[in-house]
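Next come structure tokens for two forms of one protein chain, structure 1 first, structure 2 second.
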Structure 1
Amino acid sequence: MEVTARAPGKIILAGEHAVVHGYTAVASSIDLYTVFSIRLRSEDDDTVKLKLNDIGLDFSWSVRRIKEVLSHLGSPFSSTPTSCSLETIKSLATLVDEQSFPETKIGLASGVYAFLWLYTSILGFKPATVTVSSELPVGAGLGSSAAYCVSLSAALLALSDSVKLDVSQKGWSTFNESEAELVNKWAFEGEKIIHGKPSGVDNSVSTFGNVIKFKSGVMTRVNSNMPLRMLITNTKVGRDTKALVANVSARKSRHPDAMCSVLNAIEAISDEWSTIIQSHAVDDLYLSANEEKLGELMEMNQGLLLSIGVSHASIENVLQTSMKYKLASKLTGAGGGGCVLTLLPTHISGEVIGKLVEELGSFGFQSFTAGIGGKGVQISFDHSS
């Protein structure tokens, strides 16, 4: 039997970075998925194979070697989500180094550590072939790391004794609330390995889907009543969430009062976002007034993100280009490159959007739209082999 789990990426509508420091963010899932498939191998086949299709890397460890390197942990099984210690990360790095990880892709190694931690903690030392592929750009602000950790945790838990799923179901099925909570907690432990200090907003929205408000580890569902359309532009400038989050923390310790004011202002923007999208548009006039307000909030949020040091020349380029078409934009995710959101109000014509996309394309950027606010993590079972 093969288990497949898929988890969506996300856009942060307001409040990235501030949310790491306990201030509110509003985020939504998007209909681009990361998919993990796990096929258990027979017990006498001593290998765990990992195929990372998007980054073109394959790994193969013998179960015996994994056991040997992690022997200090005793039994790896844990029914409750557990953090990976620094000592264990070092051991996991040994396992990865032994497979001669290419120097040029070393920034991706933490995803493999997260895999090994979640795998051994949830499933123990079972031989298997594991494959991942994603529709999300990796490291571009659309929450690929969270979608990776959520879909991996979901597939592993589906094979463990911790959750009891109906494996005879056909097609995609969802987890119940407490199972989803367990998936979310394990995924957060994986995000910690990749990000250092994640807020938890990305793994929560990837697990539960839809639109959420998130503050100090607590998620609230937001009933969006607005038809939101965003153009997502990938500047293709690479960046690393862990480094950007650490830079903001360093700026906060250098200028605590100024940063506190900025982060409070971001929180006010997030709160207003959630109020506006929950309101029912009584007519077109009301809708376009609300769209205008959201555009202004995006401009203000972007200005504050610039002030905390996470914008980038490529992001500013997207902002200026979209401004020519009187459209508001902001970065999404950690910034420093990656993706930018441009609000597409209902009145905007397809022709104008086409022109904007073409102009952005002339800089080498790639623009696309995605469905906003769909389902969270899902699972499916294939009995054909």
Structure 2
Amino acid sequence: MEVTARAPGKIILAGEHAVVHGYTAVASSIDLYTVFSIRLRSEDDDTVKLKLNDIGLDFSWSVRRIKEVLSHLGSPFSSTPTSCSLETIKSLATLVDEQSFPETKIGLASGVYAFLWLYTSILGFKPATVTVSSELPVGAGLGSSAAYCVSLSAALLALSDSVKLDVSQKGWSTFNESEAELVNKWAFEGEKIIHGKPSGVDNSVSTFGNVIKFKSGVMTRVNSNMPLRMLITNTKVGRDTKALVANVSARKSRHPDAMCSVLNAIEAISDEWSTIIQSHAVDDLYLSANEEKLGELMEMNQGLLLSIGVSHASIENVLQTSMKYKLASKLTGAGGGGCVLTLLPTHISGEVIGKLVEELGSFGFQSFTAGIGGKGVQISFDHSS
């Protein structure tokens, strides 16, 4: 039997940077997924194989070697998530160093650490073939690592004794609330291996889907009633998130009163976003009016983000280009490059979107459409394998 799990990426709709200082942010899932498939092998084949399809890397470890290095894990603890110690990180590094990891892709090594640790912690020492593919660009602020950890944790738990799933069910199915929470907790531990001190927002959005409000460490799930679509443009400009956050904090120290006003304004935008998307559209006119309000909020939010120093020339190129088509845009995530959101109203034609994508492509940007606020992690079973 083969188990497949998929988990969505995420975007920040409003409140980035302000959330670092205790203000509200609104995040949403998008219908672009990372997919993990796991097929357990017979005990005769003493290997764990990991195939990273999108980057063309394959890894293989003997179960015997994993046991030697990670002997303290061994007995699965799938129902009680624990944290990975620094000593275990060193052991994981030993296993990864034994593989031929290209120097140009060494930044992805932490993802392999997370795989080995989650796999061994949840399933123990079982041979298997594991494949992963993703529609999410890496390092673009769309929650690719969270979707990786969530889909991996879900697939592993589906093969463990910690969750009870109907394996005869056809197509995609979902976890119940308590099982999804277990997936989320394991995924958060995986995120810690990759990022050190993640907020927990990305993995929560990826696990539960839809929309989440986040403030001072407290997450509130929001049910969106609006069928929103966004054009997501990846500028492919790398950014240093830590440096951007530090620069905003420094500006706040230099101009406390002005920055307080800006951050309060950003929080007001976040609150209005969550109110609007929860409203039920009574007709097309009402929906159109709400889309126009959201567009205005995006423009205001972007202006405030520009004022705190996190925009970038590449982002401004996207804004100016989308403005030609009378469409509202804003950066999402840390800024300084990364991705930009453009709201696509329901009345917009495919021809217009195509022209916009083509024009943005002339800058070397990559654009793709995504639905907002969809389902979280899902699982499926294939008995033919």
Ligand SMILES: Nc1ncnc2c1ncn2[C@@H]1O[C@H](COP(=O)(O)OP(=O)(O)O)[C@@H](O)[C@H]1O
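Since the model is a prediction, treat every value here as computed from it, not as a measurement. All residue numbers here refer to structure 1's sequence, counted from 1. For clarity, a rigid core is taken as the largest C-alpha set superposing within 1.5 Å between two forms.
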### Message
Can you tell me whether structure 1 or structure 2 is the form predicted together with this ligand?
### Response
1
### Query
Does superposing the core leave H195 with a CA shift of 2 Å or more between structures 1 and 2?
no
### Message
With a threshold of 2 Å on the C-alpha, tell me if G107 counts as moved between structures 1 and 2 once the core is superposed.
### Response
no
### Query
Do you see a C-alpha shift of 2 Å or more at I372 between structures 1 and 2, with the core held fixed?
no
#### Entry: Angstrom displacement of the CA atom of A328 between structures 1 and 2, core fixed
4.8
